[in-house]
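Take a look at this one chain, the form predicted alone, written out in structure tokens.
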């Protein structure tokens, strides 16, 4: 008997050229590794049902749940600036759309669920490492308050996956407000399929921008959401690593946690992706790359917008929007309640000092709320000069030290998913020890709290622990 879920599959009701309908490929011996019970309840699902044999079948691809209309979505995209006219879900199946108790709509997707017509070099499967990484990082992002896809479950398949070596296979159940990407619009625009472009635009407006007026209104909404999102990434030292147009959502959620990482020792040109040889998606270039992607979206929507000046104005709004959002994020990180023209140079001076000394990004900002920030710097004299200017700026506002520290601690996390800890958790899981994985998830659920028993997770990597490169799942 299949597990019945409250699906209402609006994407599956779109024309057939938007997808290929197909079930996930069954696996040999599924075993539940992690279930996000809080998220399950938010979606209106009973965690106990998901732990039954029928629930495990639904989470592994071994049984299509009742109400599902499974499909693989097609899209295109620019990957590291190079055009790919057809991409798509090469190792993922959208089971359907859940209607949560509050009326919100969420995609339920299996990632690592087998080959589809859009599979390219990969085998359609995922190995355990990327599944656990995405589970940890996406849930950490949610706890930080960053718009993101979520992880509902991780399942071991009981089948090997061949990469450089033979590795255990796994499936991630991903939750998103939708999986519509910039590349989805590019796919139909490149084919001059204006009818499909209009259909997709109306679908996206109904789902994400019900008050938007046509394609121009949709574009304006995406620009605003992406400006807010990227400013948050920068505020937490997050590097996405692969900001291709097929990895930018219309919803404004972070998606596809492949070669991503949070910065330890700060530098604006920090790159993690093993294939980003030119630093295209470095930490400090993420606003420029988001603008580039949004320009591609505007270009794809031009057959519907018609007015090039209006489209250009919509895209041009991104720069002041992200500058405003970025200033808001970093003013809060410095404990500033008001706005002064000198705030920008003050923030930039601190970041320059951090880059010069390789100061830990997260620990430096967290320490500013206390008395130990100077410990993050090798050149304490230079930091002291900056601190004098900062404290003079604080003195022009009315706030007790206690209130200011509390405010700063609410925006400067003590805990982030540090890459070397993620790698430790993956290595342990390969030995069938999931304790480090579960411990990380427990700690990262409350990133702004005093770490307490999780204090060791605040430590930056030692020299021999540094993870210089991260990789996509394929």
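Worth saying up front: this structure is predicted, and the values here are computed from it rather than measured. Positions refer to the first chain, counted from 1.
The discussion below concerns the form predicted together with ligand AMP, not included here.
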| item | value |
| --- | --- |
| Partner-contacting position among 343, 123, 389, 316 - heavy atom within 4.5 Å of ligand AMP in the predicted bound form | 123 |
| Proximity to ligand AMP in the predicted bound form, single hit among 105, 163, 203, 280 (heavy atom within 4.5 Å) | 163 |
| Ligand AMP in the predicted bound form: contacting segment from 242-250, 95-103, 183-191, 143-151, heavy atom within 4.5 Å | 242-250 |
| Partner contact for residue 268 in the predicted bound form: ligand AMP, 4.5 angstroms, heavy atom | no |
| 4.5 Å heavy atom contact, residue 358 and ligand AMP in the predicted bound form | no |
| is_contact(residue 234, ligand AMP) in the predicted bound form, heavy atom dist at most 4.5 Å | no |
| Ligand AMP contact at residue 208 in the predicted bound form, heavy atom, 4.5 Å | no |
| Check all three, 264, 273 and 465, heavy atom within 4.5 Å of ligand AMP in the predicted bound form | no |
| Residues within 4.5 Å of ligand AMP in the predicted bound form, restricted to 59-85 and counted by heavy atom | 75, 79 |
